[in-house]
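For reference, the chain that follows is the form predicted on its own, supplied as structure tokens.
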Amino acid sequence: MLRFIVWRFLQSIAVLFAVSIGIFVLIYLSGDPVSTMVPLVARPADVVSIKAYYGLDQPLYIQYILFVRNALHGDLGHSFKYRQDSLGLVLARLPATFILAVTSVIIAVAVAVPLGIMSATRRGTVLDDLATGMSLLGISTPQFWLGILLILLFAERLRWLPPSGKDSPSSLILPAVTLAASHIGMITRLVRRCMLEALSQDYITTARAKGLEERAVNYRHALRNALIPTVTVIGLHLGSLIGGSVIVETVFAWPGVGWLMYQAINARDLPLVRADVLVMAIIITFINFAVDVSYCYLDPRIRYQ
């Protein structure tokens, strides 16, 4: 067990190292960041001076070494746009994104798990077809289109909910539902498949032969084993929700990390983009690590040497 944890921890460090290289190199594909910081009539000497001030005149590998050294001390640079510490800006927006992601996961689990169980235990019925159709619809619907549709319906026409911002608890409903929609479909299909696989096992036949009630067979035996891959996917979805909420936060002007990244990319704010991506990568990697470690506690049959 300890050996497995150490190995997964070392893999997580390697992933973060690869992410740091990726975000450092790929950000330059968008062009020269200094061009957005100076007016069109700026003198070449001013451009050179700004590059020297931010260390952008150094070779790329030197910049990366300095970036890693400073990052290990908690310094991810100062934002070009906001003139503030980049890490501080990201951490200040992180609670809003975390609240949105957790709320979306709660909604997705609360809807998808019962739908998946109902679909599996009533296979071939109208309820099964309805649950399968709803899950397919949720997976296929683009988030930006669904978000705009919900704004037009519930904010513009019915005026039940605010269209954007984070002014009240009701502002959380529309972006959370939008973010949860596709994950509801994925989790529903996964729970259904895992439940059907569990219900076909010999231990389920034995439990029924012993005279156990169908409810006990479905929930106490089949569901417990079906939840092992489901918990894995839910953990991965939580990480993807935190790291992939850029579109939803932009549509609803939700002041989280995703919206901050959108603004940073538009401004070619290198330190802020790097800090944003790196913080989210750390969170996603930690969630994946925690999910892997939880396997042996969810299923006693699993043992790591």
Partner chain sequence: MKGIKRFARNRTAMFGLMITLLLAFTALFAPLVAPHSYKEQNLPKALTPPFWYPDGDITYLLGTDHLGRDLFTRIIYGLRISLIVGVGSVLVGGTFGTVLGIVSGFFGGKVDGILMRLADTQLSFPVIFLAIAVIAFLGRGLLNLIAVLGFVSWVQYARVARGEALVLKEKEFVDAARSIGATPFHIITRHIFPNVMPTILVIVTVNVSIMILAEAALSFLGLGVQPPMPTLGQMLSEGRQVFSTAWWNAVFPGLAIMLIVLGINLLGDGLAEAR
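Rigid core here is just the name for the largest C-alpha set that superposes within 1.5 Å across the two forms. Since the structure is predicted, the reported quantities are computational estimates derived from the model, not experimental observations. Positions refer to the first chain, counted from 1.
The protein also exists as the form predicted in complex with the partner chain; that form is not presented, and the subsequent description refers to it.
Using a 4.5 angstroms heavy atom cutoff to the partner chain in the model of the complex, all of L136, I139 and L152 count as contacting.
Listed residues L26, V68, A52, I62 were compared with the partner chain in the model of the complex; L26 is the one with a heavy atom within 4.5 Å. At least one heavy atom of R157 is located within 4.5 Å of the partner chain in the model of the complex. Shown alone here, I148 lies within 4.5 Å of the partner chain in the model of the complex, counting heavy atoms only. In the model of the complex, H78 stays away from the partner chain, with no heavy atom inside 4.5 Å. Using a 4.5 angstroms threshold between heavy atoms, R208 stays clear of the partner chain in the model of the complex. Residues from 224-240 that approach the partner chain in the model of the complex with a non-hydrogen atom closer than or equal to 4.5 Å are G239, S240, in the order they occur in the chain. The Cα position of L10 differs by 2 Å or more between the shown form and the other one after fitting on the rigid core.
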